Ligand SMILES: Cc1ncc(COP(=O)(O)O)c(C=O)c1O
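Next comes just one chain, in structure tokens: the form predicted alone.
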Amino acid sequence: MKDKLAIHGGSKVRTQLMPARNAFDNRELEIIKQVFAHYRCRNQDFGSQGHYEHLYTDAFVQYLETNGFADAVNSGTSALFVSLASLQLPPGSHVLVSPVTNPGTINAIILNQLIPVIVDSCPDSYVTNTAQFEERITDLTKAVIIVHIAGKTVSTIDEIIQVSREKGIFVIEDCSQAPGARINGKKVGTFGDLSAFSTMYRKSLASGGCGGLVFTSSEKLYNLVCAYADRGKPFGQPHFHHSDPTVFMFPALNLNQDEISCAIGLSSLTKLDDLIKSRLNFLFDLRESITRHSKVCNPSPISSGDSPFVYPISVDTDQIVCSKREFAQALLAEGIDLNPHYKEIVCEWHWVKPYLLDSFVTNNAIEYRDKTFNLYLNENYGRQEVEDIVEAIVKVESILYSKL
């Protein structure tokens, strides 16, 4: 065992970089060439809402194993924005939202002139549940955004849907960090009234630098989603022509996705199940090894229905002579890619507080964050990474372990 931590000038456990993801390979390059060929043979320039978007959205609906409609937009934030806009809620309506999410989720609520109401997570988790959701319902609650965070699902979503139906509350699923995940065999994104997905380059399903998808089983909501994503055009109405602004319905931005990005997304979709399987296999192996060898680290549970994005690992700070963040920083210095302290806890953002309904503090989410670090991973991690991560954990805790 090395007797000096890398953060203190010792040698690293892992000297080479952790495996790069390289999400886009020759398959994406080939399909981009197909986009050029498809439009050149027709003497056209490619734009949006064309052949490859139709292929992409049709394939996505089929992937969800259900019936419905999908629209491709230019970001996950846009997907959430147009999902909320399509509900046409009265300004000032309350929208319940999970406690841990990207600012894009909150911004979509605020920019629709709605009021975010933060819901806490379950103890020892970043995801919420029915009890936390019900505690925050108000007389003005009209919608809830359920976030499947870090690849973990909100397992009680059926109960949340039932309560919502009884109270006339719309349900939007934010599946940006969990595409392909399942709850009791059913894929996330198919439970609520609408679902939003981010497909930016870091996501499991990726359409290029930025991108998003919206899914709904309602044709009415789908047409409104398309309208809010494309300047208020009256999609679904007979004899509608895209270039006739005299019949547009309301002011809206152009949030369309382009044909090249849709083609990349189509290619990425074909790899998604294999990606999920590879990440799960890695995490099952890693969890078993950490559990067997570590005195202070507790890896979070994994199920076959997860779609891993990052992986939280708890640290028993009663057993070490430093803080969780210092422990994680020491692991980072050993060459292990991770986020020592997750900051996507909404109630802690000072800039958002004037827009929130109240000063509610999500203590469960904060307590879980304060004892965990998030391990980065991708589908190229394998046995060598398991060995290096565990070796680094054992090295760091052997030096910082308070019981020695």
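Model, not experiment: these values are computed from the prediction. Position 1 is the first residue in the sequence shown; the rest follow in order.
Another form, the form predicted together with this ligand, is not on view; read the next lines as being about it.
Within 4.5 Å of this ligand in the predicted complex, a heavy atom is found for all three of 76, 101 and 149. Among heavy atoms of residue 198, some come within 4.5 Å of this ligand in the predicted complex. This ligand is not drawn, but in the predicted complex it has no heavy atom within 4.5 Å of residue 128. Not displayed here, this ligand is approached by residue 105 to within 4.5 Å at the level of heavy atoms in the predicted complex.
At the 4.5 Å threshold, heavy atoms of residue 83 stay clear of this ligand in the predicted complex, well away from it. Comment: this ligand is not present in this chain, but in the predicted complex one of 216, 177, 153, 261 has a heavy atom within 4.5 Å of it, namely 177. Checked against this ligand in the predicted complex, the residues 94, 203, 287, 136 give one hit for a heavy atom within 4.5 Å, which is 203. Proximity to this ligand in the predicted complex, taken as heavy atoms within 4.5 Å, picks out 168-176 from the listed stretches 313-321, 279-287, 168-176, 187-195. Counting a residue when any of its non-hydrogen atoms is within 4.5 Å of this ligand in the predicted complex, there are no hits in 251-265.
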